[in-house]
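Below sits a lone chain in structure tokens, taken as the form predicted alone.
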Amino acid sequence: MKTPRLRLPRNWLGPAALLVLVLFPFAMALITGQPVTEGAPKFWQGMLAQMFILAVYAMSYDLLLGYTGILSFGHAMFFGTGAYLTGILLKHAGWPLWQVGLAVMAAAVLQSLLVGLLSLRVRGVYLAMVTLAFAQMFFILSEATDFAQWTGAEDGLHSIPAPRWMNPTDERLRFYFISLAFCVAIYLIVRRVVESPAGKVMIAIRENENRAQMIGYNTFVYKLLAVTLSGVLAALSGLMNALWNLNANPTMLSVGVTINALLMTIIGGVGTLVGPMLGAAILQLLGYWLNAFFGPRWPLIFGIVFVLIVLFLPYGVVGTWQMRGASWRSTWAERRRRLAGWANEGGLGRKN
């Protein structure tokens, strides 16, 4: 009697990765022999917390580019606006964090509707240029001396008073778990959206917008929905980034921050959702290690690595794995079927 083989469920990787991340601070403390709230464990908690925040930002961009086919060069305006609004309301208005979160989401909805209503009338490179113009407008406003008492102008807004219970310096371990829970919650929400009927329409728009219009869908409404949801998620990641860094500066609104979102999405895999999260991890960790080894020259080395990724992994890490993995699995299954058929027909006996 054959012993049945233990087969893991197909979706075991997600829970396994989550378990590893939950146990990571304690494993680091055990490996290094240092307290979980000090030294190397505390440092790597901060590194991964930044990675979780960037992962949400990358997912928000993937919802636009990967699932709806909207190329935006102004995504950083949502990220930076969320950070600035968080700093202003905490520092100057003294609001509690839950009210700040609601205000950030409301502002992101209004900002997204404004940008979407004015930019989604055009497509392609024209849409990208319109979003870039909006981003530059908010970037200039952040540096304007007229609002220096609120934004700090070119110097940025510093010394943001984060709530004591999640202060990234004194409560690093708690901040780590909050940022991890934030990332997981956003992933589940976005996954539910892209698998919903509205998400299927977004994918149809990405594939062929004219055909989606011909079968009766108002594609403008669905694209506006994607822009709005993406803007809210990017603003929330900006909120978390402001709480982590305890500051907000004009760089958060720059084109470079949008390019980072594009890089994370391409490296991980456009339209995979998990891919941009992995891209955020690669960008964060690889940037740190390259900077440690090569110093100020690290962007040049990263550029070379990015070129190699595009050449050898044209669909990103996750996208290429999904495409080629399916091909490998089908090839292996076909070989197993042929071998089984050959054995059943007595091929082995004839050979002997």
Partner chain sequence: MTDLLRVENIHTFIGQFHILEGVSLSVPAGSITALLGRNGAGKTTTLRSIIGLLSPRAGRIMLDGREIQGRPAYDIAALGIGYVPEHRAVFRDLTVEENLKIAERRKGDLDRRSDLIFDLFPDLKRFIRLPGGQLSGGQQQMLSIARVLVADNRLLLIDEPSEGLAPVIVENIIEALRRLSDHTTVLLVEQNFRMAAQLADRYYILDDGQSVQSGQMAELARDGALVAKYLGAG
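Just so we're clear, the structure is a prediction, and the values are computed from it rather than from any experiment. Numbering follows the first chain given and starts at 1.
What follows is about the form predicted together with the partner chain, which we do not show.
Note on contacts: among His158, Arg191, Lys91, Lys200, the single residue with a heavy atom within 4.5 Å of the partner chain in the predicted bound form is Lys200. With the partner omitted from this view, the residue of Ala162, Val274, Ala212, Val257 that lies near the partner chain in the predicted bound form is Ala212 [heavy atom within 4.5 Å]. Of the heavy atoms in Tyr217, some are within 4.5 Å of the partner chain in the predicted bound form. Residue contact with the partner chain in the predicted bound form: Glu207 places a heavy atom within 4.5 Å of it. Heavy atoms within 4.5 Å of the partner chain in the predicted bound form are found in one stretch of 175-183, 217-225, 234-242, 133-141, which is 217-225.
In the predicted bound form, not one residue of 144-158 has a heavy atom within 4.5 Å of the partner chain.
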